[in-house]
Ligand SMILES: Cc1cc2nc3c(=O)[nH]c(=O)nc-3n(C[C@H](O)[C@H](O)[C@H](O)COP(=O)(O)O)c2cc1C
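Quick heads-up: it's one chain on its own, the form predicted alone, in structure tokens.
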Amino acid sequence: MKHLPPRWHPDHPAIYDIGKSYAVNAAEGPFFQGQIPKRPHPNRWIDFLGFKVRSPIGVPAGPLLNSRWISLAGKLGYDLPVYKTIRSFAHPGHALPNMVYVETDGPRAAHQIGEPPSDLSHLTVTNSFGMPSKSPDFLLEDIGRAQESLGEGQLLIVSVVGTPNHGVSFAEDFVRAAMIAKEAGAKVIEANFSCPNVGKAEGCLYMSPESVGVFASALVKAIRPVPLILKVGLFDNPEQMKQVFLAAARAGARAVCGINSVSMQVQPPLGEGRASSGVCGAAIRPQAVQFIKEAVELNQRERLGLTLMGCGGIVEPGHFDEFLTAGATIAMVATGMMWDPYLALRWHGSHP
């Protein structure tokens, strides 16, 4: 254990500066000035959607804003990094604040607090970015750079989203975004059906089995043979979850990733029109682990053959194991790696 990387927090600030805009973090970040220790061996190679990957540890859509962020994540032992959700056109994000510290007041409410916890086991934040995106020309080059920055046994996933009322149907624009990712060389594409910080049509898509079937079918057909992952959030009830998973499998989706951040009423709100925002970090881990347990049982019972990817609330190395033990093939960390980028390396070091 003495060879493991040191704890990052609270001695060092988060590598995403929440006091700066998304654009500044994308242009100047990640704000990382630490050493990159040699990765412990041996590796735990796994099969993921037909690709050989060094470990089941990754970063979901969110923190990795461009190729520089992807490159750092790869060097720090995150073998399945997801490129931040892209659109089919350049799109600005929400104004500051985009991320603040919170404490929860139950399953669907939270309030802002001024300072980060000294102990990362209690790190909980709310975020509201609005899924900003660079232009297709930028993305075609930068996704390629991100791909090239990764090492052997590491796999880039590109997250995409469609935009309603953008000159074509919602489903067609989803396909347009996915085709940008495919043209850029993405080997795996994730459709973000569940962002809580955008319009209802974009953020609640995963809750409708009919919509999941239509959109996933269109995407699978367009990007074939590239595997499709569906990103989902919490469901209202088990039957809704069952019908959505059935629709995803019938459409040809290969994997489901969950959960996204949990939409909560935050006081005070982050801005006009943002009465609710996505809460992530330690407070949502019990819900996220329970989601995986239920998804595993459903996947096995219905013989769906879906690969399950878990995320939500990992802030310590041992939390990866909670998801893996629950049955997830992949365990992914977002908020935790921003505040402690060494989480993956410490997990690798404790899992010879």
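Remember, it's a predicted structure, so these values are computed and weren't measured experimentally. One rule holds for the numbers: they count along the sequence shown, beginning at 1.
Unshown form predicted in complex with the ligand; subsequent notes refer to it.
- The candidate stretches are 43 to 51, 292 to 300, 25 to 33, 57 to 65, and the one lying within 4.5 Å of the ligand in the predicted bound form by heavy atoms is 57 to 65.
- Shown here without its partner, the chain carries 88, 177 and 205, none of which come within 4.5 Å of the ligand in the predicted bound form through any heavy atom.
- Note on contacts: among 222, 247, 131, 120, the single residue with a heavy atom within 4.5 Å of the ligand in the predicted bound form is 131.
- Taking a 4.5 Å heavy atom cutoff to the ligand in the predicted bound form, the contact residue among 259, 216, 181, 110 is 259.
- In the predicted bound form, at least one heavy atom of residue 333 sits within 4.5 Å of the ligand.
- Shown alone here, residue 277 lies farther than 4.5 Å from the ligand in the predicted bound form, counting heavy atoms only.
- Although the partner is absent here, residue 284 sits close enough that one of its heavy atoms falls within 4.5 Å of the ligand in the predicted bound form.
- Contact annotation: residue 99 falls within 4.5 Å of the ligand in the predicted bound form, judged by heavy atom distances.
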